[in-house]
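Take a look at this single chain in structure tokens; it is the form predicted on its own.
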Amino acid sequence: MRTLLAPIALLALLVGTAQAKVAPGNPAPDFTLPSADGSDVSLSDFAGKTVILEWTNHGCPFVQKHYKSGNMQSLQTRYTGDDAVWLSIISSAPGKQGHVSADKALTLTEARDAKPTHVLLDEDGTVGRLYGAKTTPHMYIIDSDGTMMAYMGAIDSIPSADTADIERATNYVQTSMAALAQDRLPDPASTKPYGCSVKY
């Protein structure tokens, strides 16, 4: 038993250390994931660009709030048009709610008229756990150097699944992107995410 506990403890320490590094002002860990379009995508591919990470699950009511209203698509269109990169990441494990095949991910993107740069498939949850993604949606913004975490947390200030709340909420993606455009750090740089739990 003792010989098993030592590696497990070491693994937990390594995972905890990696997650502790994901915080505003700290480097954003590089990763590589398969895209639904069949390519492999690495964060380092986008050095020099602002990168927005969106953890998503199409069956989650909190995600549906932002897609059925068109809010998420509007943000994707606006910021990818400003030469930022938007990566939607699905960390639902095979057999768990929200897991989709690459073909299904592409179908969902087209059906919802979504405009991410890529939909990435994180079936074993490695990248989700590395970044400490807890909910869908859970948003992260990496600065234009492509290296530093600038914002992480909720998409907006009202934790509900009601589309009527979108107009009344402070959208943290918008406020963070506006701050970065003015060479300022987002304020707040971190908020508590809300939504469905990521189905690792």
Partner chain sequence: MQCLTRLALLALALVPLTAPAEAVRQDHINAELVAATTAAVPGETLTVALRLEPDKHWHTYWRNPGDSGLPTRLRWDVPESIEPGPILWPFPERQPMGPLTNFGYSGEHFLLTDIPVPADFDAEELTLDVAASWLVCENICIPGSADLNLTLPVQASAQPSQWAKALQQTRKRVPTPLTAPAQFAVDGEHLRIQLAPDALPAGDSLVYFPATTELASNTDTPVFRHGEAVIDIRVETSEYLGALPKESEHVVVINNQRAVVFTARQIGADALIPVDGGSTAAAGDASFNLGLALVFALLGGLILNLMPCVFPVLSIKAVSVAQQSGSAAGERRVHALCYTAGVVGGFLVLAIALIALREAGERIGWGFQLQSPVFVTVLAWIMFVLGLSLAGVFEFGTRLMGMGDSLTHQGGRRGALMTGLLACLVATPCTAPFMGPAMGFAITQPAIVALAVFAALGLGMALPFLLIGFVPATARLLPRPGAWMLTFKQLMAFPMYVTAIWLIWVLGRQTGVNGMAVGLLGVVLIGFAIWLWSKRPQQGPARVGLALAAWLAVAGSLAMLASPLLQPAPASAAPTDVASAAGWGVYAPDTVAELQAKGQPVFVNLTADWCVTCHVNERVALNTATVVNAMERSGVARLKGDWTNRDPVITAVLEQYDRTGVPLYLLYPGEAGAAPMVLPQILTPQRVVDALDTL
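Residue numbers count along the first chain shown, from 1. Quick caveat, the model's predicted, so the values are computed rather than measured.
Beyond what is shown, the protein has a form predicted together with its partner chain; the following relates to that form.
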In the predicted complex, does each residue in the set 61, 97 and 197 place a non-hydrogen atom within 4.5 angstroms of its partner chain?
-> yes
With the cut-off set at 4.5 Å between non-hydrogen atoms, does residue 134 touch its partner chain in the predicted complex?
-> yes
Contact of residue 160 with its partner chain in the predicted complex (heavy atom, 4.5 Å) | yes
4.5 Å heavy atom contact, residue 185 and its partner chain in the predicted complex = yes
In terms of non-hydrogen atoms within 4.5 angstroms, which of the given stretches 35-43, 66-74, 134-142, 171-179 touches its partner chain in the predicted complex?
-> 134-142
